[in-house]
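To begin, one chain is listed below as structure tokens, in the form predicted on its own.
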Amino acid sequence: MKSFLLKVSLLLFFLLKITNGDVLFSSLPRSLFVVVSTMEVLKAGEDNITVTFGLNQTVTNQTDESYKKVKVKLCYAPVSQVDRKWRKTNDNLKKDKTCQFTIYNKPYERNVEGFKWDIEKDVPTATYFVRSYVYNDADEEIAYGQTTNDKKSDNLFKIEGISGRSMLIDIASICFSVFAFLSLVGFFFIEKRQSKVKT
């Protein structure tokens, strides 16, 4: 009897852990449209993108009365997630690491909204798309929209991050390397000459 109660309590604990109110991406309707102004190679810290989003009028029988807040995020495309567990897609939105950069976070308005986002310097080199989520009063995702298709293969753009190296650093490292090599050769000849003088 004790082992049965233990098994039942463990099962209930496990089920509660799974169904603790997490939102699954697959359960969200695609009721927003999102458009990005550019589909080219951009540079972090220099370029910007213009994002326009709003209620998708082509979807029938939808209402936006429960929409309270909207967040627009920069998301990694599948090609930039390969062999990178820290960018892994998960259907559970609390565990999903696809969209790590929030670029807009404001209350929802019914009219079409647009904004310009300056690409920050800390955005790494990758291929991206833009996704927006709308939230209800409980701060749970209830709908989404994105610039790409369901397979995340169209309307992608690339951002080149700052590598941390500049032309001056490269020139300085070459100069120091040449100086070190010449010093080594010079000390070698000086040591050889001193050893000949002693003998």
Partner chain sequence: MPEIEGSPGTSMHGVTGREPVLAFSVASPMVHTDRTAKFDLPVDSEHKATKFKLFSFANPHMRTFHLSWISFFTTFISTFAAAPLVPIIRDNLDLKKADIGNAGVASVSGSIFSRLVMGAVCDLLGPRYGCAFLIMLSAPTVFCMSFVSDASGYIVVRFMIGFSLATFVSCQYWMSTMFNSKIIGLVNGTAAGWGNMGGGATQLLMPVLFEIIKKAGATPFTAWRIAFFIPGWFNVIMGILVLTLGQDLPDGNLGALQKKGDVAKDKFGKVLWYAVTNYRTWIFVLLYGYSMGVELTIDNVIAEYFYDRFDLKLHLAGIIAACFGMANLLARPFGGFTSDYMAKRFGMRGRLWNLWLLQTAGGLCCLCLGLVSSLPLAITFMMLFSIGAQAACGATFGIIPFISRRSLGIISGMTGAGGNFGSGLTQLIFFANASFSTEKGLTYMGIMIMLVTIPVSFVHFPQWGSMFFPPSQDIVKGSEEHYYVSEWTEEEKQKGMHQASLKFAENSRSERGGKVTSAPTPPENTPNHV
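All of these numbers come straight from a predicted model, not from anything done at the bench. The term rigid core refers to the maximal set of C-alpha atoms that superpose within 1.5 Å between the two forms. Residue numbers count along the first chain shown, from 1.
Keep in mind that the form predicted together with the partner chain is missing from the display, and what follows is about it.
Student: Residues in which of 170-178, 130-138, 22-30, 66-74 have heavy atoms within 4.5 Å of the partner chain in the predicted complex?
Tutor: Only one stretch qualifies here: 170-178.
Student: Using 4.5 Å between non-hydrogen atoms, is Lys85 touching the partner chain in the predicted complex?
Tutor: Lys85: contacts the partner chain in the predicted complex.
Student: Considering only heavy atoms, tell me if Asp91 and the partner chain come within 4.5 Å of each other in the predicted complex.
Tutor: Output for Asp91 is no: heavy atoms all beyond 4.5 Å of the partner chain.
Student: Would you please decide whether Pro124 lies within 4.5 angstroms of the partner chain in the predicted complex, comparing each non-hydrogen atom pair?
Tutor: Yes, Pro124 lies within 4.5 Å of the partner chain in the predicted complex.
Student: So in the predicted complex, does Leu42 come within 4.5 Å of the partner chain, heavy atom to heavy atom?
Tutor: Leu42 lies outside the contact set for the partner chain.
Student: Consider the chain as shown here, without its partner, and state which of Ile162, Ile142, Ile49, Leu156 has a heavy atom within 4.5 Å of the partner chain in the predicted complex.
Tutor: Filtering the options by heavy-atom distance leaves Ile162.
Student: Given a 4.5 Å distance limit between heavy atoms, list every residue of 94-112 close to the partner chain in the predicted complex, or none if there are none.
Tutor: Only Lys97 sits within 4.5 Å of the partner.
Student: When you overlay the rigid core, is the Cα of Ser27 off by 2 Å or more between the shown form and the other one?
Tutor: The answer is no; the displacement is under 2 Å.
Student: C-alpha of Asn48: shift of 2 angstroms or more between the shown form and the other one, rigid core aligned?
Tutor: No; that C-alpha moves by less than 2 Å between the shown form and the other one.
Student: Core aligned, does the CA of Asn136 move at least 2 Å between the shown form and the other one?
Tutor: The answer is no, as the C-alpha of Asn136 shifts between the shown form and the other one by less than 2 Å after core alignment.
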